[in-house]
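Here we start with a single chain on its own, the form predicted alone, put down as C-alpha cells.
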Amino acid sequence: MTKQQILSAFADKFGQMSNDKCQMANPTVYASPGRINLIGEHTDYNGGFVFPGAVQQGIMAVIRPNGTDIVRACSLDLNDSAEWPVNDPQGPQSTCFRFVYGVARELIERGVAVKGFDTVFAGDVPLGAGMSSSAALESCFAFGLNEQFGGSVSKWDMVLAGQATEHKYIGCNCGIMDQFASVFGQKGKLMRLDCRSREFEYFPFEPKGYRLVLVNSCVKHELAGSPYNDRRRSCENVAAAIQALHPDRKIETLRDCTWEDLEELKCKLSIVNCQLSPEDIQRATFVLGEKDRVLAVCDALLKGDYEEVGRQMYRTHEGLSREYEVSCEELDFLNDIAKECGVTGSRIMGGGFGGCTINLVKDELYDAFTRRAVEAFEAKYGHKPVIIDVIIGDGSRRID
C-alpha cells in the first residue's frame, strides 16, 4: 500500500477534522518494518546475541489527533474498527487493536501526553511468517504517537514500550529483538545486538554472489499461548538451578552459564532440589549452542566466509527442531529441500511453530531452488509456499 492509498482510506473513514479544539488537522503517515534474523533464535530473552535486520515489508499507519479522549482505529487488512477511551482500564478485545492500546498506555507511563486520535493502518508483513508483524505495528505507533503528542522518549523507550505491550496486554513474554530491529534498522545493514547490555553494532550486509530468501510455509502460528512461554520458563528454571549450585556467582540468564555448568547440573539435580524436566535441560542445551553459533557467524562475516555462515544456519535449524522443538513437519521439509538443492544455509526463522525458513542461496541456484521448493511443497501439502526476497530496509520513520 502506498502513502496516497492509505491517506485516501483515512479520508474515507474519518473525513476532515471538524473539532475546533484540535489544531493538528493534517494526518501524518508513519511506517515501521518487519524483520529477519540471520542467526540467534530464542537467545534474546536469555541475555544472548541476535543478528537481525529490518526488511522493506512493514506496517504503515495514518495518525491524527482528534481533540477528544477517544481513540478511533481502523485496520484495513482485517476490515475491522474499534473505539475506546484513552484511559480505559480494559481496552479493546481484538488483538490487533490491543497492540495500539497497549503502546499508547506504555507511552503515557513514560510521560507522553497521549490523547484521543484517529488512525488507519495496514501492512504487507505476512502474518504468521515469523517476520514480526506485531513488533512492526507496535514500533509504528510508538514512533508516531511520540511525535504527534510531543513526547521525547528515546528509541530504546519505544522498543521497551513495544515489549511491555506484548507482556502486559497480549500475554507473550517476548524478548527485545523484534522491536529493536523494527525501530533501529538501517538499509543495507544487519545489527548484532547484545540483548543484555543493549550494545549493538551495524554490519554492512550486501553479500556478493548470494541472496537471502524466505520461504513462507503459510502455516500460521500463535506465540501468545503456552508453547513460547513454556520454553522461556525452562530456560529460567535451568539458570536458577545453576545459580543455586553457585551462590557466589551472579547468574541472571543462560547467557551467564557455561557448558561445564550444564554438565555439572545434570550430575547434581538431586542436590539442587528442583523439579527440572528433561525438556528443560534439552532446551538449555539449544540456547548454549546457539550462543556459540551467533559468535561463530559474526567471525565468519568479518572474514567474508558465507559458507561457514550457512553451516551454522543448518546447525541452528537442527537444534530448533530437535532440542527446542519449535519446528514442524512443513519447515523441516523445506529445510531438507534446501539441502538437496545445495543451498548454502537454511533454518527456521522466528519463534517457530510455523512461518518461514530463511535461506542463504547462491545466485546461480536461486531459480532452481525456489522452483523446487514451491513444486515439492505443493505436491506434498496441497498449497504453495510463498517466496519472499529479502531486501534490508530502514527502521521506524515518518513518511514525508
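Throughout, we count residues from 1 along the sequence that is shown. Computed from a predicted model, the values in this text were never measured in an experiment.
The same protein has a further form, the form predicted together with alpha-D-galactopyranose, not shown here; the description that follows concerns it.
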item: Location of alpha-D-galactopyranose contact in the predicted bound form, chosen stretch of 356-364, 60-68, 39-47, 330-338 [non-hydrogen atom, 4.5 Å]; value: 39-47
item: In the predicted bound form, the one of P92, G151, G123, G175 near alpha-D-galactopyranose [non-hydrogen atom within 4.5 angstroms]; value: G175
item: Partner proximity in the predicted bound form: G351 to alpha-D-galactopyranose, non-hydrogen atom cutoff 4.5 Å; value: yes
item: Close approach of F97 to alpha-D-galactopyranose in the predicted bound form, 4.5 Å, heavy atom; value: no
item: Non-hydrogen atom contact W84 with alpha-D-galactopyranose in the predicted bound form at 4.5 angstroms; value: no
item: Close approach of F184 to alpha-D-galactopyranose in the predicted bound form, 4.5 Å, heavy atom; value: no
